[in-house]
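For reference, the chain that follows is the form predicted alone, supplied as structure tokens.
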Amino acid sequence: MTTTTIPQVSVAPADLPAVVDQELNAARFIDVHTHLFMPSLGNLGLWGIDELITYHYLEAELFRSSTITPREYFALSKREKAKAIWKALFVENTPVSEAARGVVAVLHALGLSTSDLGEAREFFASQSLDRHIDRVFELGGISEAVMTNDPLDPDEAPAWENGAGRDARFHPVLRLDRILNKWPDHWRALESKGYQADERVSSVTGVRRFLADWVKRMQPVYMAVSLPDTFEFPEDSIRGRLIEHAILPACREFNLPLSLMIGVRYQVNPAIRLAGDGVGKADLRAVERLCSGFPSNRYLVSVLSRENQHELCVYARKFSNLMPFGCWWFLNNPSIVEEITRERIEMLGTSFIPQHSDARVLEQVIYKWRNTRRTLVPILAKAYALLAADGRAVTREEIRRDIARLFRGNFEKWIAA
């Protein structure tokens, strides 16, 4: 018995940019790491023009472009802060930075004036949050967003404990920063809820039970922690013992990946608060030891320093339980995204996750994902053009498949492995 296949038409090299652009814009991505919140978690979710303008990226720019001091600025109300930033960065200066241009892109996408703060405030005040989320996701080209949920956050935990309603647009993540990075400040919170805990971590039994209870409550898609550039593993420290004897076993028990975001230098300038963190080059032998020493665990890894990117790609070629993802924080600028993504394609093919928004304000997903699509068009088109020049043209169906893998399938496979 013979079968007949319909030959697929290859895309001509000259048409590759247009076809890649069409397929990227038609695809709906999963935003695998954000700081957004589903509405049932109350006022934790940030949205609207004043939140967009007072984003900490723009606060850092304000202090370079204005004579206002951090002390004076932080004494202002939210609306006054937004007015100060708008005046300094959007009126007295041309908003050409990535973060400032992003605000302009959001206003334009929503059909608003890009020079009238009052109009924007009136628009957002009139919005129904639930419908607004749908519209923002549509404009950003995403179907789902993965949250960041800390069970030791006193503002968030009660909502979960009281049965926060699920939302198919949002996926929980069990965040571990307070447990792993600030245990001396937070172990009493576990003890107060009936879990065995002490400052020296003489036993991890209480932590394991705490994690198990919260996994059942949240149903997270992974666990996650942000780590400093000085992170080491193994390490004779509270964090090292908790990772090895509590976090990694819990991830194996519940079949959850562990996301490691490495390279923060916390509060290099505490006067500017959230904007005061910096970046440092990390020793990625810690990742090597985790991947080799605990092969039954799966790791999502993003590193903050540009200098660590090639090393991360090399480790991903050696360890199939390592998934590089995103261009995080200070790396989320088109010139750097282009360099990192080209390098990953050259070394890993399509077996990585190119980007996440890291959005802290809902509407940021509009400009961040539009920027990603715009940046990815020439990257993918060039990769396919090089392949065609070497004798293997690609079809539209293959381009569509690759985009689906990069921005949906790899993540879906990783969390369901």
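Residues carry their position along the shown sequence, with the first being 1. Bear in mind that the values here come from a model prediction, so they are computed numbers and not experimental data.
The form predicted together with a small molecule exists for this protein as well; it is not shown, and the discussion that follows is about that form.
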Partner contact check in the predicted complex: of 284 to 292, 247 to 255, 194 to 202, 327 to 335, the stretch with a heavy atom within 4.5 Å of the small molecule is 327 to 335
Quick one: does R344 come within 4.5 Å of the small molecule in the predicted complex, counting heavy atoms only? no
Should A164 be classed as touching the small molecule in the predicted complex when contacts are defined as heavy atoms within 4.5 Å? no
May I ask you to state whether R175 is within 4.5 Å of the small molecule in the predicted complex, using heavy atom distances? yes
Look up in the predicted complex whether W47 has a non-hydrogen atom within 4.5 angstroms of the small molecule, and give yes or no. no
Heavy atom within 4.5 Å of the small molecule in the predicted complex - residue from Y57, Y384, F352, W369: Y57
Though the small molecule is not shown, can you say which of A316, M261, L110, A84 has a heavy atom within 4.5 Å of it in the predicted complex? M261
